[in-house]
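To begin, one chain is listed below as structure tokens, in the form predicted alone.
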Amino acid sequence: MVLDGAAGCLLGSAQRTEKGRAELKATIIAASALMATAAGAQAETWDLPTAYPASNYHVENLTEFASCVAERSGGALEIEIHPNGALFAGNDIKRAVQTGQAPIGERLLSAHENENKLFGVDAIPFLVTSFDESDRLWEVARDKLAAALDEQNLVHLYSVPWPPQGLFTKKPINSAADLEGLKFRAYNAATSRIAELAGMVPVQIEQAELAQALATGVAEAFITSGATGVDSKVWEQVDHFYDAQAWIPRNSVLVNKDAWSGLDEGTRTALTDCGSEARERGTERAKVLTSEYLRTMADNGMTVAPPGDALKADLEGFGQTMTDEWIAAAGEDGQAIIDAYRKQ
């Protein structure tokens, strides 16, 4: 049987149409598979525990950091912030990140000085008393700290300073002799050592527990920043803040090394870039807020003043003792950090 020209033309057209439909269907299936793969990549969420309340500037900065990562990674990585020790207590956060219970977390590194003396470099009293000095110290210490953290399955992403540390008390303090016997809230090795040198009784208390500890008499004095004072509304329990500017500790954002290695290069770049911006943003915010915290405490009835000459001399004496002790314990790496910092 032979088809005439018109019939053959119609059949050829129908065949082409079927072929086109098949190709279109294959294209749609391939596109759907690609979209499903992309959606799967977008589904990854990291929990980030922190010990501080949502109103604290560190946590506000973390929230902005998380938004930046979501945007820069094209939605490949979402970070959910868990403030106020809700997911892990402050003292457990670093271990949780090390072991992969949390892929990322924020922690005051000096709280773990018992693991490695280098972690306490930013808590040596009176070594650093300004934000510029804090940045300089961190620059010379960063590589050695990163190497120490790498051995613990951690990647150091960025750090942000607290305001300078001062002394909170329930009574006037003229010299270190007035501190003897007080129950002193400690949060790291440095604050515990200050308590010992001043004849106080150190009590380990995380920030989330501070207000209750003061109210129940578990703590009577402590050294921390104005930020913690305002967050905890300490004026309800203490009357005096001595702006000693004793040191400037830093919070560090740490990433589990295995989780870091599992990311693609673009997502790691997003974390690194957003972390750099968070460091700069958080530092500038700390500078602005320092005076605001002092004003807030004064407005709520606290006596806010620098330490008197005798108290300042006593605290600086503790600082020199602790610097010598830290260098001896930290060894060559610690000595190299201090030497490099002092040469700048």
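All residue numbers refer to positions in the sequence shown, first residue = 1. The shown structure was predicted, so the numbers you read here are calculated from the model rather than taken from an experiment.
This next part talks about the form predicted together with pyroglutamic acid, which is not shown.
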4.5 Å heavy atom contact, R185 and pyroglutamic acid in the predicted complex: yes
Residue-level question: is Q237 within 4.5 Å of pyroglutamic acid in the predicted complex, judged on heavy atoms? no
Find out whether any non-hydrogen atom of F318 is located within 4.5 angstroms of pyroglutamic acid in the predicted complex, and reply yes or no. no
Contact label in the predicted complex: S159 to pyroglutamic acid, heavy atom within 4.5 Å: no
Within 4.5 Å, heavy atoms only, one stretch in 160-168, 120-128, 211-219, 141-149 touches pyroglutamic acid in the predicted complex. Which? 160-168
The listed residue (S225, N256, S73, S134) that reaches within 4.5 Å of pyroglutamic acid in the predicted complex by any heavy atom is S225
Any chance all of I173, F241 and T303 sit within 4.5 Å of pyroglutamic acid in the predicted complex, going by non-hydrogen atoms? no
Which residues, if any, of 188-211 lie within 4.5 Å of pyroglutamic acid in the predicted complex when only heavy atoms count? Q207
